[in-house]
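We've got the same protein chain twice here, in two forms, each standing alone as structure tokens: structure 1 and structure 2.
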Structure 1
Amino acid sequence: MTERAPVLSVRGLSVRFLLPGGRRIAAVTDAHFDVAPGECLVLIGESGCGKSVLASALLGLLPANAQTAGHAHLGDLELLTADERVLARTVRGRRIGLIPQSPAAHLTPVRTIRSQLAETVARLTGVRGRTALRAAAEQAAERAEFPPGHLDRYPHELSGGLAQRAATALALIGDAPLLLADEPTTGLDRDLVDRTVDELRRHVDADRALLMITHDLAAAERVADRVAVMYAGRIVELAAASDFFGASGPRHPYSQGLLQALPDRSFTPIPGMPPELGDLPEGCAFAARCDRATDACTALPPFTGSIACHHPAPAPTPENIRA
């Protein structure tokens, strides 16, 4: 059976911000990953590690002082070099559905949620007629569990959680091949978090994939097929979710620290603070916080396709999983 091409293929993606005085911020460095049809890849890491910058690069939403390198292929389209006309007309909404980190900033403040849903339905699906659009808008709201009684409200009249659900409803309308959810559970209680990520997961089928960015490890464990861990702008581990959250556990010391900081585990925080992205060390960025660090860590560890660490835990095998 022929292996299907990934929905999204990222190779060597880097983002630098140029600041006055010639200073550079290395927001994303040499990211490599694929997202396959039928897969949910969850990108996790502490705030400020570059996750949302990576998402903005894929959508062409970086500020003018950003420079990108590498490749990001969505099918046959190179996203990093596509012009704004292509991105606006054929990518955003149609080929990538975005659930933004700050939904209130992406909702039109002077229009009701119903009218914004109806406009998006008309633009992406071709549905016409007031009655048909009204019904389609209500179906879109129901899909994201947005309460119908709030459809005629304006964004400023919604709670953070309801604004998030409105943004989710808008993102799902186009049935895009790739759904990109950037912190989609912000402002939601635990029950609604579970229902939201379950709905996102239902978007995934034989032709569609989900890339979810989150710091919520419980949500990640609930829906992920694979997990990518980002630290100081680099992906440092890429693992099957069953291994990462299972008996074998993660292999990178930072990934292990993230899990051990959870309340249902040891509830032990990772010591120290992440480095500034404008002042990264030449070697491993995690070395100053790592109890495994040696002189070898003064050199930058290469990313092998699954991990970037000089001293990783052993790869999972049937023997060490049983142990």
Structure 2
Amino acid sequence: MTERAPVLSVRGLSVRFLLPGGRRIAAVTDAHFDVAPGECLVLIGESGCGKSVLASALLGLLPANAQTAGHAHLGDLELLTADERVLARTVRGRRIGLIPQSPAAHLTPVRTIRSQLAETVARLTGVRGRTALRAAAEQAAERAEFPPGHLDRYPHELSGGLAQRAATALALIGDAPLLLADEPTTGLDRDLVDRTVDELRRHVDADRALLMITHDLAAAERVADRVAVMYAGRIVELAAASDFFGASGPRHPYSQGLLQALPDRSFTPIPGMPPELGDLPEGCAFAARCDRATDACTALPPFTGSIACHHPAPAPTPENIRA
């Protein structure tokens, strides 16, 4: 496979929140990954581990009390230092399509879905004229399986699943080279999850890049080329989806626990809780919950490009893994 320039290249990205009293929350620490055109990278991890903060950092949507370090390149644009005007006018919607985690909170409450779609079509594409906009809005709805009969409703009149599809329809409109989807299938039944991720996959197969955050491991398996697992703000495993979900399985004890928590597996939570991001231990942040922890784990395990663990399960096919 010839390597092409990635659409998104993240190097050493960290995000800190400053709280009153001088406390610091290490929401994201030293993240490294690329997403290439025609590739889907899925980011998974326990609630609160920093996935959404990472997405917000890429979009310039962090609150004022956040500080970032490192790099995130979208082509030749440095996202972390880009001007808010540049981000608002040329990045969000145009170069990065966003499907947000809380769609109902993201839609404009006082306008119907039809008018929000038409407005976005007018803003992001060359389509002009009432009839053409109407048709384009309906087409956008159809791409995300949003039922035409509900187009004249307001966001509060939609079920969670319908709101999710409306948000997806909006995000797909600009045909952005990078799509960033934060839990795009929340509230959907299995059938719709499959159809939604298949639509996202078509976007990828049209040579676009997709960074998808999800806790739905079945959806991840269906759409991902690679899987990144995040724990306590760090990426602890980066693997080919075929290995991760296949016979060899995940290598990091945390990833293994996450898969085992599924209701069709043991349905037992990983014991204990993630550490507070304002008070992380010196060594491996998973040590307190890990049944493989040894004295070595009091030192921070370095990320090798595929794993950050002192005692991982053996690598399946090391030559296939790339950072």
Partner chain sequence: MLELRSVTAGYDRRAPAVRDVTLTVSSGESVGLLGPSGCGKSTLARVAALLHRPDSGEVVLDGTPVRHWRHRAPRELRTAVGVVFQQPRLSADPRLRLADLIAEPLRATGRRASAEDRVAELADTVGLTPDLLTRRPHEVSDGQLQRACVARALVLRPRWLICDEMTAMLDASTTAALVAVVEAYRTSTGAGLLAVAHDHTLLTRWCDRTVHWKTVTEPR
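Between two forms, the rigid core is the largest collection of C-alphas that superpose within 1.5 Å. Everything numeric here is computed off the predicted structure, so don't read it as measured data. Numbers follow structure 1, counted from its first residue as 1.
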Exercise for the section: Specify the structure that is the form predicted together with its partner chain; exactly one of the two qualifies. Expected result: 2
Practice task
Establish whether a shift of 2 Å or more occurs at the C-alpha of Thr268 between structure 1 and structure 2, with the two forms superposed on the rigid core.
Solution key: yes
